[in-house]
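Shown here is one chain on its own, the form predicted alone, set out as structure tokens.
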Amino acid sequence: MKSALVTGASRGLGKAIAIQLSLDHGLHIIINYTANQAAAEATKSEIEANGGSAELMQFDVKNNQEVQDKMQQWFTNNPENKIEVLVNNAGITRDNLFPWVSENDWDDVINTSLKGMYNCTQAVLQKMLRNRSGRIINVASLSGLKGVPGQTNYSAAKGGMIAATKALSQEVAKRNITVNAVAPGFILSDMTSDLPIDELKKMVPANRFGTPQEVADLVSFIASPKAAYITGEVININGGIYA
């Protein structure tokens, strides 16, 4: 069985991505979540209602030992299965102007997106290298390309993810592994629910926020055989906003 690990897959972008990978590619989906088991179960139920298969896997992407232990246990229990797709989607925001960003808020944001990408990619990459196939897709942000005031920590985390994407893609390309990033702009989700949408959409040439489904469709394409020659890229999905 070919599988996909999607981090932060209980809600929002992660949920939409997990469902779409199951629908388009028939992948068994490993739904990672940190605390919200009910939401993760809802994602699993929706995948199964569409005829797919999925399982829950709880771990905090920031915790290297926890990630390694859970993934090693999964590989031991599933010797015939392969993780073909890794989507590093988990991320949080702790917005504030830089002089008032606490060390804890800096560390949590950096460690969730950037160290989380390191932890989860380390946990599956050796297997991908041996299998000579794989897709690693990092969910970055317009913030990591353009920089957004009040999001210095988030911009740093996503900017680091983008740079790591470009470097890693060159290391593993010969083994038929692609590494790409998607950089969403304003997307309707829990993360943007408190923003003044009517005001902010005036900044977007398309005059609207994007949807999780639109991001999921892009991720699904990058995971497909049609994208086999695309690697090291950062694909914007932002309605026309550019740095």
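Here the structure is a predicted model, which means the values were calculated and not measured. Note that residue numbering begins at 1 and tracks the sequence as displayed.
The form predicted in complex with a small molecule exists for this protein as well; it is not shown, and the discussion that follows is about that form.
K.L.:
Closest heavy atom of Ser53 to the small molecule in the predicted complex, within 4.5 Å or not?
P.N.:
Ser53 lies outside the contact set for the small molecule.
K.L.:
I'd like to know if Ala140 sits close to the small molecule in the predicted complex, meaning any non-hydrogen atom pair within 4.5 angstroms.
P.N.:
Ala140 belongs to the contact set for the small molecule.
K.L.:
Might Arg11 be said to contact the small molecule in the predicted complex, defining contact as any heavy atom within 4.5 Å?
P.N.:
Residue-level check for Arg11: yes, a contact with the small molecule.
K.L.:
Is the gap between Asp60 and the small molecule in the predicted complex 4.5 Å or less for some heavy atom pair?
P.N.:
Looking in the predicted complex, residue contacts with the small molecule include Asp60, since a heavy atom lies within 4.5 Å.
K.L.:
To verify the annotation, which of these, Asn207, Ser45, Gln65, Asn36, has a non-hydrogen atom within 4.5 Å of the small molecule in the predicted complex?
P.N.:
Of the listed residues, the single hit is Asn36.
K.L.:
Among Met71, Ala90, Leu168, Leu125, which has at least one heavy atom within 4.5 Å of the small molecule in the predicted complex?
P.N.:
Selected option: Ala90.
K.L.:
Based on heavy atom distances of 4.5 Å or less, which listed stretch (168-176, 91-99, 129-137, 71-79) is in contact with the small molecule in the predicted complex?
P.N.:
Going by heavy atoms within 4.5 Å, the stretch is 91-99.
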